[in-house]
Structure formats: C-alpha cells, structure tokens
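Heads up, the chain below is alone and in the form predicted on its own; it's given as structure tokens.
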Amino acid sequence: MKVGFVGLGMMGKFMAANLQEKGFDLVVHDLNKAAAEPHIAAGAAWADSPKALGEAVDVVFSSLPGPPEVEAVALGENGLLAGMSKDGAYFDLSTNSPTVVRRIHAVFAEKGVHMLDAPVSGGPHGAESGKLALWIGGPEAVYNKHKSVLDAIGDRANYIGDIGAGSVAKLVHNCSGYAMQCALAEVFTLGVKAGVEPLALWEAVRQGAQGRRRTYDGLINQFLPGEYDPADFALRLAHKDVSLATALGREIGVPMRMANLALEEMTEAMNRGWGNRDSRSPMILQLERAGVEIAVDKDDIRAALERDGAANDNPKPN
C-alpha cells in the first residue's frame, strides 16, 4: 500500500516518520518543501501538489492547521480529489469542523472516493512516540481496510461512527479540557490566596476523589446511565461545599466566575427538590436545555471499560 501524507508540521512530521519507520512506501507534500527533506532523505517521494500526490498513492493522510487549509488541499484546483482514483481513501487527521468534513465527504462520494475524518489527540510528543488516539468517522469498511496504516500512526485508533463523528469527539475533548483548565486556575488561586503553598495544595488534592480517577470516569455511574438515585453523595451536601468555597472567595477577594456558575446550577437543582438526589443531578438541567436524553445500558458501559482494559481500575456502574 502506497501512502500519501500532506502537511509536515509539528504533528505531521512525526506521524509521517512513523509511517516510514513501519515500512510504508510514502509520498509527501507540504507548502514548504524544506519540511519534507528529512522524509525524502529517508526514502519518501516528493509530490509537487496534492493532486500529484493523490495520483501516486492508494491512501492519503493530511495534518493541517484548520478547515480552510483542509478544503484547499482536498477540493482545490490542484487538490487531492483532482488526482485520486475511485475507491481511494483520504483520512484528515486535522482538528476540523464537522460541517466542513461532511461537505468534503459528500463531494468526494460523488466521484466514488472515500473521505473520513480522523482527528488525533496526544500532542507532538504523542505523535513522535506513536502514543496517539485517533477518532475516525466515516464508512466503517474503509476504516477496517486501512486499520494497519492507522495503527502505524497511533496506538489507539478507534472507529467512532458516521462521517463527522471523529471531529465532534475531538471538539468535545478539547473544549472540555480548556473549560476544566479555567476551573482549575480559579480554585487553585483560591487555595493559594487562602494561604496554602501551591505544591502542597496540588499534592493534597490529587489524592482526593477527583484526583485519583481518570477525568471522564465521573460520567460512569450517573450521567451515562441517566440514574441519579440513590445518591452516592447528596446534592444538598455538595451545594454546601461549593457555597463555602465561593464564600471564601468573596472573603479574600478571589473572582470565582466558574464556581459561582456551578453554584447557580446547583441552586436551581435544589429548588427543583433534588437536594437528596446525587450531587451530579444538576447535569440534568443541561440535558433539558440541549434537548438531549442520555441513558446508556450499564452492561454496555462495563463492556467499554473492559475493552479499554480499565475495568479493574475504574468505578463500575452500580
């Protein structure tokens, strides 16, 4: 299988190098040819345009800054589609817009070419080491056909669903991380200004309930199955805890926008009479606002944990 790679920047250069190290015959293209020199020196062929690259390979990967660059590479006058053959496959590894991905997929499909979104997570270090998650959306048969190539790029290539699903997962992942980053900055400034040495504070809280579990495992017992009774920890007690934290912020002059928003959510839930329900029950308010219902079967959650090899390390559904 001959593989094409477009975009040899901070992430792309490592992913392309891993493909070469795993023995794939590589053709490369980048706006800056100098970025391709290490790959060419290692045996890769150079293509003068995405079109020329598409003509020369069986499957194409791109790692680009964003939607405009992906559209230009995929659909431009000298873009991939102009050169790729029927039944060829194109995986975009960029963080992209699901809307743009679906539009490109539709245009490719008109010419019998497959386009899948395959955003990655792991950063430059993960790209270099091969410790990357890839979240793929599109035709599952095409994913299965190219699984060996995907596994040469990262160690966690997973099929997510229809076209655009991978991009949605990537946006959820990144946005949640930056939202948590803001919350962590807020509460840590509270702790430090309240007199606790930063390293001691960090060492303490990472041994607590939140610090000991993986980030998204807080969704396992209540949010995913949609069950908030009986409570693991009552909302009324959690409301008290956040009330005390925000009161401390006011006392010592620490702005706490995120925490006060959380308190407002919890207060609204309390006013619904949910004080004895689980402390995660305020999440129902967002489900209502979004018009979404979530009720995952507990057996399916357990199976997902087992597939991940984490069934013995994470809290299981009750």
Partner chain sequence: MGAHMAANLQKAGHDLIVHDMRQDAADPHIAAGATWAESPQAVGADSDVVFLSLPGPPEVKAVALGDKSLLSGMMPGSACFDLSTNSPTLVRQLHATFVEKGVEFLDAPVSGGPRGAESGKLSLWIGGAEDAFNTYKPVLDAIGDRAAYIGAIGAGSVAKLVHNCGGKSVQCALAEVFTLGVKAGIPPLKLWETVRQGIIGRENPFDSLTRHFLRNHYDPPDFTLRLAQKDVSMALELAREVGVPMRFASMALEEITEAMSRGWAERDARVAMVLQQERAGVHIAVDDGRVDAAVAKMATERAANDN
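Here the structure is a predicted model, which means the values were calculated and not measured. Residue numbers count along the first chain shown, from 1.
The same protein also has a form predicted together with its partner chain, omitted here; what follows describes it.
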Subject >> Listed residue (Glu186, Glu128, Glu71, Glu227) with a non-hydrogen atom within 4.5 angstroms of its partner chain in the predicted bound form >> reply: Glu186
**OP:** Select from the listed residues Ala82, Leu219, Val149, Val107 the one whose heavy atoms reach within 4.5 Å of its partner chain in the predicted bound form.
**Re:** Leu219
Subject >> Residue contact check: Gly273 to its partner chain in the predicted bound form, 4.5 Å heavy atom >> reply: no
**OP:** Evaluate Ala209 for contact with its partner chain in the predicted bound form, applying a 4.5 angstroms cut-off between non-hydrogen atoms, and reply yes or no.
**Re:** yes
Original post:
Hey, in the predicted bound form, is Gly123 touching its partner chain, heavy atoms inside 4.5 Å?
Top reply: yes
**OP:** Look up in the predicted bound form whether Leu261 has a non-hydrogen atom within 4.5 angstroms of its partner chain, and give yes or no.
**Re:** yes
Original post:
Does its partner chain come within 4.5 Å of a heavy atom in each of Thr95, Cys182 and Asp232 in the predicted bound form?
Top reply: yes
Subject >> Among 25-33, 263-271, 55-63, 42-50, the region lying within 4.5 Å of its partner chain in the predicted bound form by heavy atom distance >> reply: 263-271
**OP:** Scan 149-166 and note down the residues that get a heavy atom within 4.5 Å of its partner chain in the predicted bound form; none is a fine answer too.
**Re:** Asp155, Arg156, Tyr159, Ile160, Ala165
